[in-house]
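Shown next as structure tokens: one chain only, the form predicted on its own.
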């Protein structure tokens, strides 16, 4: 529904609804609570919120009446015996010495992303890297063990000590700052709901074509600029991925190391950054629903300098698979702009493009990014923006 925008922020869930030609914003729930992700199941209409309470932990909340009232959903919990291999934090590694891995008991550190499949199926991606699935509309959730036990992350630690090595490294994005891997993107193929792509910080992109029974890496063509082996199979840091709904063979990725595009279902990737135009580092990517060669990103300077480039905020758009890019600035602040846009805070629906920033600004374009209007200033830091 392009006339409703769902906004997850550091201090609550907001909904902007279009009435009489103008969007009106309201605080819909979870006042004062961190909302990492807010989205609606397109089949059932239920709005789901992934909450982070800090001291009280992570919880799911849902609304069946358009965000007027909310109720706790069944909670995501790691099963007894779930463990994972953890590499040392980056500042603890000693150059020249073998990497020392630690086996940790899995506890829920963050609910990071939600996705939906047919029949009320709900997916949840977490830190420390668990994919949870509900087959009953969110009444119960189960950890996908084939992915959890995948050889890339150290094998089966439920029944033994595993392989003794992991290629899943960490992200500091958990609620408490613990360094652990996390699933932040889940893309379900609308042609075949048994085909799912997930993206992991930090590991890469992984695919199943049999509903989660088996998984394989999909990282060919990706480069890792900060690794001794830039073309390694694993260890990549995708910030977000998105399929084209009408043609899911077209997949886009904003990565720590640039923008990547695939036209063969993520079997191979091509780097399509344009650093001379400021298109390289960033967090979100959004893909046109019909044209898989058209995508939008909101660039930042770098991981160390998370702000708009040169003090002027712009959105970059390509219509030819990344061969060329346009900077779209009209209506956006061009001086003293220090916004950065997180991985879930950019969305496209039809001709409408919307994004929100960590400085609490919410911007909307009704003409595919050509011109922009401000929907809100002074919101809490915005973590997710979705049409719904």
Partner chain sequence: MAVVEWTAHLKTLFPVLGSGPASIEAGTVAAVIAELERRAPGIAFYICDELGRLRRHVNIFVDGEMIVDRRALGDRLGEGSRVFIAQALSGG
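Numbering follows the first chain given and starts at 1. All figures in this text were calculated on a predicted structure; none of them were measured in a lab.
The form predicted together with the partner chain is left out here; the points below concern that form.
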_How about residue 338 - does it come within 4.5 Å of the partner chain in the predicted bound form, if we only consider non-hydrogen atoms?_
no
_Can you tell me if residue 59 lies within 4.5 angstroms of the partner chain in the predicted bound form, counting non-hydrogen atoms only?_
yes
*asked:* How about residue 215 - does it come within 4.5 Å of the partner chain in the predicted bound form, if we only consider non-hydrogen atoms?
replied: no
*Can you check whether residue 78 is within 4.5 Å of the partner chain in the predicted bound form, heavy atom basis?*
yes
*Pick the stretch from 338 to 346, 34 to 42, 47 to 55, 316 to 324 whose residues have a heavy atom within 4.5 Å of the partner chain in the predicted bound form.*
47 to 55
*Of the options 207, 237, 189, 178, which one has a non-hydrogen atom that comes within 4.5 Å of the partner chain in the predicted bound form?*
178
*220, 151, 105, 142: which sits within 4.5 Å of the partner chain in the predicted bound form by any heavy atom?*
105
